[in-house]
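Next comes just one chain, in C-alpha cells: the form predicted alone.
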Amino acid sequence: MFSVINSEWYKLRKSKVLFLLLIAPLIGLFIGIANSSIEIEGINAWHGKLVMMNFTYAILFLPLISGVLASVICRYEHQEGGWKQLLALPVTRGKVFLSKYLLLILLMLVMQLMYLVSIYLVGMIEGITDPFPMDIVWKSIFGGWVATLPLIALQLWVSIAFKSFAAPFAINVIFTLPTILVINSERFGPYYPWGQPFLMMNIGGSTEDVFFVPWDQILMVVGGSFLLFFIGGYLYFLKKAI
C-alpha cells in the first residue's frame, strides 16, 4: 500500500500541480491584509480576520482546488492506456483507489495547515495584539478539512469516470458557484455538500460543539455523503471496464 501511495506522490510531484496548494493560502493572506477588520471593544480582533478570510477561501478555493487535484491524480492513467499499465502490476484496484484518496486528503490537510500559517501572518502584519484564538482556529481548520472528505471522494469518482480533465472540473465549478446562495437558505443550506466547508469553518456558528455545526448535521450530511460518494466511487472503479 505504501509503495502505491509513493508512486502516486511521485506522479503528482512531477506534474508541478502542488503549487496549487499555495494559491488559496496566499489569496487568503492578501484578503486578510487588504480588508481591515473593524475593532469592537470586548471582541477578539482575530475573529474579524477569520470571518473575512474564511468566506472566500471556504466557499470557492477549498472545493475547487480539491477538484483540480483529483483530476490531476488520474491524468496519467487516462493517457495512452495508463489504467491498463497500472492495473497490470501486482496491485488491486481497491488499493489504487484508496491510495489516490488518501493522498488527496493528505494534500488538502497540508493546504489547510498552510492557510493556518497565512492567518497568523495576517495578524502579525496587521499588528494584532489580542491573544491568538488557537482553539477556534484549529476547530475551523480541521472542520473545513473534514468537510472536504466527501467532496474529494466524489471528485475522485468523477475524475476516474471522465477522461477529459475539463469535465470533472466543470462539474465541480457548476456545483461550487451556487454555494454562496444555497448557504443562505435555512432549508437547503445545511444539506448542501459544497456548502459544508464554509459552514464548518464559519466561526459564527455554535462554539459549544466540537465543530461549528451540530453533530447530527455532521453525521447525516458530511458522514452520509462521504459514505455515498466513497462507496459509490470505490464500487464503480472495481467494476469499471479498462
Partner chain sequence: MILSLVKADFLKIKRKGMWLLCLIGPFGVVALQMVNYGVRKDYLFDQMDDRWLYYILNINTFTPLAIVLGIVILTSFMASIEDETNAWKQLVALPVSKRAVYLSKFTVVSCIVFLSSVLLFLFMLGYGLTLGLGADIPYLRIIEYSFLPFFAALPVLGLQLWVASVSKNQAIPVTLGAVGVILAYSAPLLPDWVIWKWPALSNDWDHSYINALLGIGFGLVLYVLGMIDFKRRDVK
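Owing to the predicted nature of the structure, the values given are computational and were not obtained by experimental measurement. Positions refer to the first chain, counted from 1.
The following text describes the form predicted in complex with its partner chain, which does not appear among the structures shown.
- With the partner removed from view, the residue among 91, 121, 72, 109 that has a non-hydrogen atom within 4.5 Å of its partner chain in the model of the complex turns out to be 72.
- Screening 109 to 117, 95 to 103, 168 to 176, 126 to 134 for residues having heavy atoms within 4.5 Å of its partner chain in the model of the complex returns a single hit, 168 to 176.
- Residue contact with its partner chain in the model of the complex: residue 43 places no heavy atom within 4.5 Å of it.
- At a distance threshold of 4.5 angstroms between non-hydrogen atoms, residue 191 is out of contact with its partner chain in the model of the complex.
- Although the partner is absent here, residue 18 is not a contact residue: none of its heavy atoms lies within 4.5 angstroms of its partner chain in the model of the complex.
- Although the partner is absent from this view, residue 23 contacts its partner chain in the model of the complex, with a non-hydrogen atom inside 4.5 angstroms.
- Residues of 44 to 69 that come within 4.5 Å of its partner chain in the model of the complex, judged by any heavy atom, are 55, 56, 59, 60, 61, 64, 65, 68 in sequence order.
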